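Before any questions on binding or motion, here is one chain by itself as structure tokens, the form predicted on its own.
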């Protein structure tokens, strides 16, 4: 800056008087949210549902642009408009045929390079098996804090407040990171599936992966998954600690089958070995939002209610007239869970 010899400029950097004291020049410039969009491969690639849930949440709570990152080749082009319709402003497509297959080391390197380029305030991804493998690796590469398995997100400006269960689900903690980027994985089903804003436009930027972080995958054998996905069920017959007879589980399966639903449970029945962990509803289990939630013998702890609070209609059966679930129930029946289930099963047979 010339012409400052008369004292109109101050400091070694020749800035106008008072600017150094008025502005914090060390304030981080990180802005926007980067979401890793997990792709499910098949005859027609599609986005993992949790990625779309996170996109909608990021758009509603976060300041700045929403960036998306996808990996693969030309097979992903049909997904561009879908990404834009769920909230992506700028989509970075790391294009490489080798990246069609999930390579956590290569994905980590590429997202770290993207982060250095766009300086996002937050990086989010689903707490899926792949997300849980990728996120800690990326956090270590970036020297960033990571809050895993979140059940809710909120924001205060660029600061993300991340809520997750702690101490085995007995406590809910809200966590904030001190620096940028802030990182979180979000439990699938934590947010409702959004509606697409069809016709919304964005920008696609192609990136080349120049690294060499590939491992030779000798074989890949998918683990046989539980045939029942309670997060997708429209009707759930859910059993809690008040169930004392193993035969009640079979009765619940019969009722659920006749209603076109599925059986879920609280943690107590998983601990007894009566139902697998994949059927558990709550902060340390699955988050569900069925049209109808039939709760039998469930007291309604904070941890359990956090997993089923999105249910459209709740009918609860409990011997205790003061059970906490009464506050959440649309219909509350004081009675023996097994007896009510048995009568319901018989009435369904007669119809």
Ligand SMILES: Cc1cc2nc3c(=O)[nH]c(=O)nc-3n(C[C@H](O)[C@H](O)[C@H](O)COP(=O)(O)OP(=O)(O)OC[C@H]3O[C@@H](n4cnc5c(N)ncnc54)[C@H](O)[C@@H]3O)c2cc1C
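The term rigid core refers to the maximal set of C-alpha atoms that superpose within 1.5 Å between the two forms. All values reported here derive from a predicted model rather than from experimental measurement. Positions refer to the first chain, counted from 1.
From this point on, the text means the form predicted in complex with this ligand, which you will not see here.
Shown alone, this chain has one stretch from 43-51, 29-37, 314-322, 63-71 that lies within 4.5 Å of this ligand in the predicted complex by heavy atoms: 314-322. By the criterion of a heavy atom within 4.5 Å, residue 241 is counted among the residues contacting this ligand in the predicted complex. Heavy atoms of residue 289 never reach within 4.5 Å of this ligand in the predicted complex, leaving it off the interface.
For the chain shown alone, residue 281 is a contact residue for this ligand in the predicted complex, at least one non-hydrogen atom being within 4.5 angstroms. Although the partner is absent from this view, residue 187 stays clear of this ligand in the predicted complex, with no non-hydrogen atom inside 4.5 angstroms. In the predicted complex, the residues of 294-309 lying within 4.5 Å of this ligand by at least one heavy atom are, in order, 297, 298, 299, 300, 301, 303, 304. Relative to the superposed core, residue 285 undergoes a C-alpha shift of no less than 2 Å between the shown form and the other one. With the core held fixed, the Cα of residue 298 is displaced between the shown form and the other one by 2 Å or more. The rigid-core alignment places the CA of residue 63 less than 2 Å apart between the shown form and the other one. One change in the predicted complex concerns residue 239 and residue 190, whose Cα atoms lie at least 3 Å farther apart than in this form. In summary, the C-alpha positions of residue 129 and residue 302 converge in the predicted complex, ending up at least 3 angstroms nearer each other than in this conformation.
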